[in-house]
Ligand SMILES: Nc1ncnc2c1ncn2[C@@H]1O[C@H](COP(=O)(O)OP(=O)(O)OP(=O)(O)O)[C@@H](O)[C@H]1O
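The form predicted alone is given below as one chain in structure tokens.
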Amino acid sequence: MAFTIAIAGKGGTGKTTLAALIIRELVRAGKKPVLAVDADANANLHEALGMPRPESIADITHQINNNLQPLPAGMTKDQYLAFRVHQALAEGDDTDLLVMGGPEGPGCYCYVNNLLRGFIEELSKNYPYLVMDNEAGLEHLSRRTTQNVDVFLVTSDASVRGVRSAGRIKELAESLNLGIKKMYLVVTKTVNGTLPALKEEIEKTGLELAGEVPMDEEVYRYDLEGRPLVSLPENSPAVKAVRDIMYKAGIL
């Protein structure tokens, strides 16, 4: 099975940026191929990786369940679904990408999440590393798409509210017995003096701090220009910070 890294946190804390830079460092360290899983309904990890957006599991299930495409002769619905999802896996030189997509109906992710768990379990056997970018908030944890994780990184922006939200994610994850081996806090968008100011709140969460990702003008510029974050230069403060975090968390 793949060494699995999952990232969670409230919206706007840089989860996708962190996921993309972790993948960048894994590839550069020769720990490839990497299976990237975008489990956020607002999928944009492909942009950070510089890959085309593949067809999502949700798109495929919608087409099949609503009979928008006829089943091939001799194939059951489940067989055809598995075939289509394997087709939808976007393959890159060193990274392959699977996208979950949106819900199948108002507020309902159940079937899509069940499929996602099964396909991840099957696909991960072919990769040394798996990186999962989860959606914002807490619900994905209760749907159990994040299970049997080697390193679980909870992101917070440089705010008390962000750190407290990270603490609630930790509590929920522990209550659900998700089989997470190591859990860390990553504080993003920091400036000088951020961590000392947040020290007391961080300690209250019980999360071990893996590190911080500072505000980085290069990241802002790449996002502004729509350039993939995996092509950030070596001297990028964000790149250096993520590499340090990976060493601290035992990923590298």
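As the structure is a prediction and not an experimental result, all values here were calculated from the model. Residue positions are given as counts along the sequence shown, with the first one as 1.
In what follows, reference is made to the form predicted in complex with this ligand, a form of this protein that is not presented.
Three-residue candidate spot E171, E174 and L178; no residue lies within 4.5 angstroms of this ligand in the model of the complex by any non-hydrogen atom. Looking at D216, you'd find a heavy atom of it within 4.5 angstroms of this ligand in the model of the complex.
In the model of the complex, E203 stays away from this ligand, with no heavy atom inside 4.5 Å. Proximity of E208 to this ligand in the model of the complex: non-hydrogen atoms within 4.5 Å are absent; the residue sits far from the partner. At least one heavy atom of K10 is located within 4.5 Å of this ligand in the model of the complex.
Here the chain stands by itself, but in the model of the complex one stretch of 192-200, 208-216, 54-62, 25-33, 208-216, has heavy atoms within 4.5 Å of this ligand. Along 12-38, residues G12, T13, G14, K15, T16, T17 each place a heavy atom within 4.5 Å of this ligand in the model of the complex.
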